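In the block that follows, a single chain appears as structure tokens, in the form predicted alone.
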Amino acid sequence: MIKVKFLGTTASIPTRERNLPSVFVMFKGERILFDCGEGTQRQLMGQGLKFMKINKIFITHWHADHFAGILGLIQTMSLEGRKEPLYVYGPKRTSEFLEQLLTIGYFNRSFKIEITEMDDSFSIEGDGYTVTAFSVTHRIPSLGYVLEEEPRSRANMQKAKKFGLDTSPMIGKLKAGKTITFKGKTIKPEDVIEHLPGRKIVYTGDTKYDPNVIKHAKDADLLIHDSTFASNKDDIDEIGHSTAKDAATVAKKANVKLLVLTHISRRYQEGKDSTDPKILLDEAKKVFKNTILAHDFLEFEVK
């Protein structure tokens, strides 16, 4: 199972409806955070997401709205008696900034924090998945991340029945790459077993429209893209963010299955006719129909 839950979906400043950026991903029971804005630990607690079991945090860049929650989260983990190491990943200077942050105040950690600085195409391996960083265009060094499941194999039961196969031990051997003999017939793995690509989730963090996102998001099941403004924002290039139309254009060119718009500016708030966030969704859907506008606690499973 891959479950995705949005803990914060606003940009720069929290609103009554939206917390600062953080995306929670559960992969086969492993809990991962992408960004950790202020208030993230309270969002985790409120949703019963067992924050003590989080073992990896990926920071896209060192603007406070994307990392300010990590100090409180680490302190709470320590106060609750955590012993397992916590792995933190981010762009260059992550070691410097995080170590400085953790020296603030009188505080002793009860566990190790392992820090890894990543750059474009740098990958780390997890249990059944990889996370690959890719560079994006923002005002400071920034990364997006691709979480990709390992390719999966399954038995084509129609083909299996032609060989009289209906027992899981024999199919298990075929999945393991072994040739078997069954009822006098030699059966090779490729006679029955199909190989499927793993599921793929892409998170951009903050970025302008960037062809590198298209490259790394190719055929993704889910693209979570910066969509800070509508296209009528005049100084979008100077700010280093994307419009909803930019995000939809990336999704279309990358042939993704689902686009989720996030990092929504506080100017777009429910109940204000001229700035209702629905204008972002409408703008994106004109380019890429299969689009969702994120809200805090939006949750779904990547099938």
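Everything numeric here is computed off the predicted structure, so don't read it as measured data. In this text, residue numbers run from 1 along the sequence as written.
FYI, the form predicted together with another copy of the chain isn't displayed, but the following is about it.
Peer 1: So which of G126, P189, G198, G72 reaches within 4.5 angstroms of another copy of the chain in the model of the complex, heavy atom to heavy atom?
Peer 2: When another copy of the chain is considered in the model of the complex, the option within 4.5 Å is G72.
Peer 1: Let me know the one among I180, I115, I214, L101 whose heavy atoms come within 4.5 Å of another copy of the chain in the model of the complex, would you?
Peer 2: By the 4.5 Å criterion, the partner-contacting residue is L101.
Peer 1: Indicate whether another copy of the chain has at least one heavy atom within 4.5 Å of a heavy atom of L280 in the model of the complex.
Peer 2: L280 lies outside the contact set for another copy of the chain.
Peer 1: At 4.5 Å between heavy atoms, is D246 in contact with another copy of the chain in the model of the complex?
Peer 2: No, D246 sits far enough from another copy of the chain in the model of the complex that none of its heavy atoms falls within 4.5 Å.
Peer 1: Quick one: does R93 come within 4.5 Å of another copy of the chain in the model of the complex, counting heavy atoms only?
Peer 2: The answer is yes: R93 has a heavy atom within 4.5 Å of another copy of the chain.
Peer 1: So, in the model of the complex, is L20 in contact with another copy of the chain at a 4.5 angstroms heavy atom limit?
Peer 2: Although another copy of the chain is absent here, L20 would touch it in the model of the complex, with heavy atoms inside 4.5 Å.
Peer 1: For the three residues Q41, A64 and F67, which mark the spot I'm curious about, does each lie within 4.5 Å of another copy of the chain in the model of the complex through at least one heavy atom?
Peer 2: Checking in the model of the complex: Q41, A64 and F67 are all within 4.5 Å of another copy of the chain.
Peer 1: Counting only heavy atoms and a 4.5 Å cutoff, which of 181-189, 105-113, 214-222, 157-165 contacts another copy of the chain in the model of the complex?
Peer 2: Stretch with heavy atoms near the partner: 105-113.
Peer 1: Which of the residues spanning 130-165 lie within 4.5 Å of another copy of the chain in the model of the complex, based on heavy atoms?
Peer 2: The stretch touches the partner through I140, P141.
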